[in-house]
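Read the single chain below, which is given as structure tokens and is the form predicted alone.
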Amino acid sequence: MGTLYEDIVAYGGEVFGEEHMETLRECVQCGKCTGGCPSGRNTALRTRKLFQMALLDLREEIFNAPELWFCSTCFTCYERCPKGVKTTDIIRIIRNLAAKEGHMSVPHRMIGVYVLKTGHAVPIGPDQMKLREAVGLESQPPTTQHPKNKEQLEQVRTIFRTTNYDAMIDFDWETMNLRGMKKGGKK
């Protein structure tokens, strides 16, 4: 483990290329990312603050910052950065590093639970099923959530087991939820 910047470049470099991640060093703290951030209007997300923390090697502080998980990956900051910093990709890599070290918000962990249960990050519910039927569609789309596609759902679950993602989110296969959570998602 090196500095946070080195880890971002190394880990993110495997996905995006090191030069892509090295753009973090180009950040001049101008604030265009923060000023244009739709999530930042409603949350404590300040992209330039996160980048300053990353460059100052404040690993624990950034990994424990709730705002790290407020980014909706809309790419507004990415498109507006005058220095070409690959902001959204860097935030995703910081999140991945944080998750590898056991720091992940419960709502993001719950997305993994939904995928393990249904094959979807946003499972379809009774209201959506009724709407689909009202417009002449089958109540469930032909995806892993559809009862006839259980084999594909098992493939998704195998991927989670093989990559140890189930352990990373602390998934309990008996309750089909996060450890310590009841079936309804409450502690």
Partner chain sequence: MTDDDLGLTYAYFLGCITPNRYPGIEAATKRIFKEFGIETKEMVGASCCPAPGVFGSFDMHTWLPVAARNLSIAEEMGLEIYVTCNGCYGSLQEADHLLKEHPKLKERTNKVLNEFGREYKGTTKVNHSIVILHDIIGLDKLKERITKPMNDVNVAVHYGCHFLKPREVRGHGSSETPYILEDLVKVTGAKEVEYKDKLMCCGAGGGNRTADTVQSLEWTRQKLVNAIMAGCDCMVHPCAFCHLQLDRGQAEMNKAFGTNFNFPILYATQFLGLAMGLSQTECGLDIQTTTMPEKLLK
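Bear in mind that the values here come from a model prediction, so they are computed numbers and not experimental data. So that the term is clear: the rigid core is the largest set of C-alpha atoms that superpose within 1.5 Å between two forms. Positions refer to the first chain, counted from 1.
In what follows, reference is made to the form predicted together with the partner chain, a form of this protein that is not presented.
Visitor: Considering non-hydrogen atoms and a 4.5 Å limit, does the partner chain approach T163 in the model of the complex?
Guide: Judged by the heavy-atom cut-off of 4.5 Å, T163 is in contact with the partner chain in the model of the complex.
Visitor: So in the model of the complex, does any heavy atom of K83 sit within 4.5 Å of the partner chain?
Guide: No, K83 stays farther than 4.5 Å from the partner chain in the model of the complex.
Visitor: Any of the heavy atoms of N64 lying within 4.5 Å of the partner chain in the model of the complex?
Guide: Flag for N64 set to no.
Visitor: May I ask you to state whether D172 is within 4.5 Å of the partner chain in the model of the complex, using heavy atom distances?
Guide: No, D172 is distant from the partner.
Visitor: Non-hydrogen atoms within 4.5 angstroms of the partner chain in the model of the complex: do M1, T23 and C30 all have one?
Guide: Checking in the model of the complex: none of M1, T23 and C30 is within 4.5 Å of the partner chain.
Visitor: Taking only heavy atoms into account, state which residues of 142 to 161 are within 4.5 Å of the partner chain in the model of the complex, ordered by sequence.
Guide: Heavy-atom contacts within 4.5 Å come from P142, T143, T144, Q145, N149, Q152, Q155, V156, T158, I159, F160.
Visitor: Indicate whether R132 shows a C-alpha shift of 2 Å or more between this form and the one not shown, with the rigid core used for the fit.
Guide: Indeed, R132 is displaced by 2 Å or more.
Visitor: Has the Cα of L45 moved 2 Å or more between this form and the one not shown, judged after a core fit?
Guide: L45 C-alpha, core-superposed: shift of 2 Å or more.
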